[in-house]
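Structure 1 and structure 2 below are the same protein chain in two forms, each given by itself as structure tokens.
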Structure 1
């Protein structure tokens, strides 16, 4: 390896490489390249973490994985493959989420540098905060097609990942999603909402039932359907999707009839919607086409996930995924819900099949499972060369960090095309200073004028709840006032209602913290009310 060959690196860097413990967060496209670079450079103590398992779609760019590895842990297989380059390296792999409580500030303090190779904003925010709290340099990286970036995040030296607001994800009007979809993405968003309605955390803003308040519909839209005779199959009585699913024991045929027949007929009763649009066609369970119109993909050359399913296949996959997800839901603790994950087979099958059935009903072209996964997971197609370039820059920045030359760690951008200076890998002129108003990394302390009876609101962005902190002065002592701090969890809009106990008592899910002369003790820990799907 490079660090073991005299003259490749200067002595100080060679020694730092040999003695430093580093942490790679993510074993995907960039993570595989970073791990390979670290091993080949001579790093001897590496830890890597990734929650995901290997999917066939990963094989075109995540070169440490091969066909026989599909379904296995990314972190563990990446470790095994990297050891084939240098069996003497100490690599520890974690098949886990970096947001787990097992990986707190003390865990991060063990490393000389942390390298992010993540694909979602929530995990990036978490690692950003852990590294700031541990005062450990973080090298953040990412790619989007042919573009990419690498930046150093160091407490009180550079801006952190959350110093500047990120562009919000694109949203779509609710009436379009529920009533008049015209693009595949509309059907995909509807299907993700449906997953939450049936199996996840119920959010009224994500209702999938027809919207009678649609401004394009008549004022009394759907009233004829409401006056119709109620039946035991569902939608005429306009019960919520979750209520109907529970009453039906999640029977796939009954769910299909409600979602793709009764609800569609209800939409057709809104005559104004279809004056200038092609009306949808309700489907009957067991009477659906068994071929894809205008498409011939029954060849060995088409990968399984890139094949467009017929409507009959979609119905079969919808039925099996419903049963499997309901079974998973039954095994959860009371109050827990499933969380949609693009890498969970049943969850992804459910969304893909529902989206294509709905697309067929509205005359919208159907998509392959591969394409739906990319759109549902907000995935921008990854380019292997972009990942390799960015990963190389990550390790070069790590060299500067280990030598204490942080001033040479300016952010670097990989551009889709050369700039006016004919350069595609473009560095910043200098380090970008922290945002003085950043609520995550700003060292500025605010005087809030906290007195007896003050109520503070603490917002936990990761667990989706707020805490009302009540300051109560109990008595005066020679050393000053003695305060008690009481926290009461408050559900956010769209989250399950939190029942407040009587007589001022708190239940086991509330945080109650007493502070006496600066010492704190906690007699309860708030629970996380949602679980990731088992894989």
Structure 2
């Protein structure tokens, strides 16, 4: 079935659709819909990128994918399925991250319009910047449950994705997570941190051990726990969780004892914490309540996901997921880590079981694996209809862009409920102008004075690091990052010779200079650099 747009669109648009190269970033819920719409409306030259492979959980709404595609590249399968609608279309698929250096400014410049169908802020920021640098219109879109949004981002005409600060993701005080959880989400966050401590990238901000600096503990930080039976390790010098795990060969029983018995005893010894709270109950491996057989029955996956496991089941799942993750970790190259992914069975089992064991200890209601997955992944359930509406709007906006009618590209919001005018798909009254103070898209941002050779100072107020960052700009024609840090080295003020890049080259060896919209020349920057080095 080939798309025929003759007679549907006016000639100019028809021609533009036929001849324009477009780029779809993301082949998930919205991306699949966009690709189908593009192919069905006569686009001939489409490129699509997605870094991920197809998961079973995608199949209910990402209709270009079927059971036999699970595990295959999203971008490539989306291409094949879309070609079945119209085999004459030229679709190029990339199984890769759009943030890879292979897709630089020159890559983006080849497109008449770019359409974002992503699910994370970092990638959205990146594509926003690439499209601004390449001066290509970007249609940004997203859904959250019943709500959605489509907006045009065009350099110097509209707000960019980063013009306004976005609400930070919800975080929880460290001492609540480590010492005094009171809600299931606190246990889930703790478990995700624990995953990273044991198997992922070691981030000191994600410590899971009892926090002896908790202001609520007010000075009695676990002294009792250092004595006698209260801490059967006699663990005066506390080692990190990772060190402990490595020493114990990731033995689930030993890990359990430390995490759910010894550390809890230690917490109990901080008497002040429990004056007005129900104290936690340490658990003993092998003596957990409510053993239920058959919890590892793989054929019962849906039921298993939605029922609440007994503590004994949690312990079994904790043990097996621990062992599986440990062997996954051992297969990695030295220095590599596992990355938590809600769709990875062992990673999800680990977090769900740990969260529930901890919840039980603290008298917090336990949750099903299904609920924990949704909370741990910050998931608002994706709704196929919202994705379809938003993808339809994206392609309608693309038509306006191709006609050159950018003034008709106001943002559109899909609302959960009709507004006071009984409208559910609500357009903004007009285009929203760029924020003149935006450090990403404002043409004035070169006033910050960051040019080739600038040395930025960063300090870490806790650990007294002093870091000098040498900024080197790449030449305009180069299809790569616009900024690059080629060397950074601690240096004390007054020792300028330490500020040479690590590789021994100076920026003069490199093609000099470009800040986005900056006006510096190589002469100007070398003198700036010199001046900086002399201060």
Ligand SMILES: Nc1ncnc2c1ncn2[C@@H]1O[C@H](COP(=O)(O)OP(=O)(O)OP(=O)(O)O)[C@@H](O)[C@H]1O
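Each form is matched to the other, and the largest set of C-alpha atoms that superpose within 1.5 Å is called the rigid core. Residue numbers count along the first chain shown, from 1. Every value quoted in this text rests on a predicted model; they were computed, and no experiment measured them.
Shown as structure 2 is the form predicted in complex with the named molecule, with the alternative form given as structure 1.
Core-superposed comparison between the two structures: the Cα of residue 272 travels 2 Å or more. Put the two forms on the same core and the Cα of residue 409 is off by less than 2 Å between the two structures. Core-superposed comparison between the two structures: CA of residue 335 displaced by 2 Å or more. Core superposition gives residue 310 a CA displacement of 6.5 Å between the two structures.
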